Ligand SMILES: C[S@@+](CC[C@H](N)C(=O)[O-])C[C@H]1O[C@@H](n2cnc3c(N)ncnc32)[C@H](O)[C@@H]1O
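As a starting point, one isolated chain is supplied in structure tokens, in the form predicted on its own.
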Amino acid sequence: MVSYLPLWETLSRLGVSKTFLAEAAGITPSTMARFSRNENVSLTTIEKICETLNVQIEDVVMRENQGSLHGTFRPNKHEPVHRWYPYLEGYSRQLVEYELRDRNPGDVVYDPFAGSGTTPLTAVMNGIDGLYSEVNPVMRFISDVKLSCAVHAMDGDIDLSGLRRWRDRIASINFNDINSHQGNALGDFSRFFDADGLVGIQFLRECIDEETDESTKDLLKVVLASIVVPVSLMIRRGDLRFANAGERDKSVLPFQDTTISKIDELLQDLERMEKSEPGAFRFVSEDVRDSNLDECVDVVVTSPPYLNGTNYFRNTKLEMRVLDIIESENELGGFYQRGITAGINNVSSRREYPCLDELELDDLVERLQGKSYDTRIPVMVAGYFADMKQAIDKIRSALKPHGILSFDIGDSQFAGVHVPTHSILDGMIQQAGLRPLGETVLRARRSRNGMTLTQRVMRYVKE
């Protein structure tokens, strides 16, 4: 697959507009449109551009290895440190490295929706400074520990003796001999575990309470957060739910073996970390809309919440409970009004949204009102774009002049009504003063009603 991203970067570097290029090189509007869609054009046309701009062919076109641009978290399951916490909604290290391929040490990368920290971690491990925002406290903790441990391991300054000691202790325990009443400490959350999982989780929580070294304590908490769903009666299939009878044999894993395997994974990654100069990292804010970065970022690589009804807080409720962020499911409601409106549970009559008249969403909202199975869906869609408009303004403020935004997003549908998320956000981003550099479609899939939906990376430069 070809990509004309080098052309857009060349035009930005030279301060040349697409219109000027088309007129100077004698390129028709239809051919310019083919460039924007990453479609094949003749070698003669590419040579005209090279002559007009006095550049080489590699400054205009490149062959893109589509296999390297993974828009899902799956490849991270085999990547050191990235693999510590399985994040269904994330993307791959390879995608981030591709977007950062022209970056140098000293550059600053920002992810306003960091999730489990793939972007800042990839940056830091490549000697580039990484900033991040993340509203989910579980993801924020996971990101911070992964970044901190990676930096210390790259510096050769990390003590793993405490984690090894706990690994040996857990391996030596006969959990069948532990009184099952200890599992009752999870209260209402006890129903999400069988006896083995309940006893094991509580034992590991007691180990964490007993540990006095903060670094070791944090690593044990990452282990706890990572194994809590696999050893529970729950399963992640889009949303977190109870595994059915046919799934439980494979999905409910034994606590002891799973925990030891995860600790071994952490030890292996940190012991084998190549010694080099890491980048610095910094947590900026929970919500990107509360950030105050002013033209200090060279590139933003991010994937905002998808407009697909996913409740990102409820999906981490087990992690929130075992890390003592909440004690009851009733407390989850307090998190639903935070962050971007992307799920039905984020909709609230107490929440005010800014005017979106200029985005011409009336027709889309009206169609949703006529067909949606839930009256909250049209409000959710309007609220999503209202929230994202505020986030985009903050991203624009953070970028330096000529800074780059790489934006991973997918479209969606509700009750057969297509919501062209990428198109609407593209209008917002351009309205904020960022010029498009092209896009790459990462994958296409079909919704349950047969509608084709896509995931793509859209790229922009700040004028």
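Each residue number is its position in the shown sequence, starting from 1. Quantities reported herein were computed from a predicted structural model and do not represent experimental measurements.
Keep in mind the form predicted together with this ligand is missing from the figure; the text below concerns it.
Quiz item: Counting only non-hydrogen atoms and a 4.5 angstroms cut-off, does Asp129 reach this ligand in the model of the complex?
Solution: It does not: once this ligand is placed as it appears in the model of the complex, Asp129 has no heavy atom within 4.5 Å of it.
Practice problem: Give a yes or no for Asn136: in the model of the complex, does one of its heavy atoms lie within 4.5 Å of a heavy atom belonging to this ligand? | Solution: Yes, Asn136 lies within 4.5 Å of this ligand in the model of the complex.
Exercise. Indicate whether this ligand has at least one heavy atom within 4.5 Å of a heavy atom of Thr118 in the model of the complex.
Key: Yes - in the model of the complex, heavy atoms of Thr118 and this ligand come within 4.5 Å of each other.
Quiz item: Looking in the model of the complex, any heavy atom of Tyr91 within 4.5 Å of this ligand?
Solution: Tyr91 belongs to the contact set for this ligand.
Quiz item: Here the chain is shown alone; which of Gly197, Gly343, Gly339, Pro278 has a heavy atom within 4.5 Å of this ligand in the model of the complex?
Solution: If I apply the 4.5 Å criterion carefully, the residue I get is Gly339.
Quiz item: With this ligand left out of view, which of Gln202, Ser232, Ser226, Ser303 would have a heavy atom within 4.5 Å of it in the model of the complex?
Solution: Selected residue: Ser303.
Quiz item: Out of the stretches listed (369-377, 325-333, 109-117, 147-155), which one is close to this ligand in the model of the complex, meaning heavy atoms within 4.5 Å?
Solution: Stretch 109-117 is the one.
Quiz item: Is any part of 280-310 within 4.5 angstroms of this ligand in the model of the complex by a non-hydrogen atom, and which residues would that be?
Solution: Contacts from 280-310: Glu286, Asp287, Val288, Arg289, Ser303, Pro304, Pro305.
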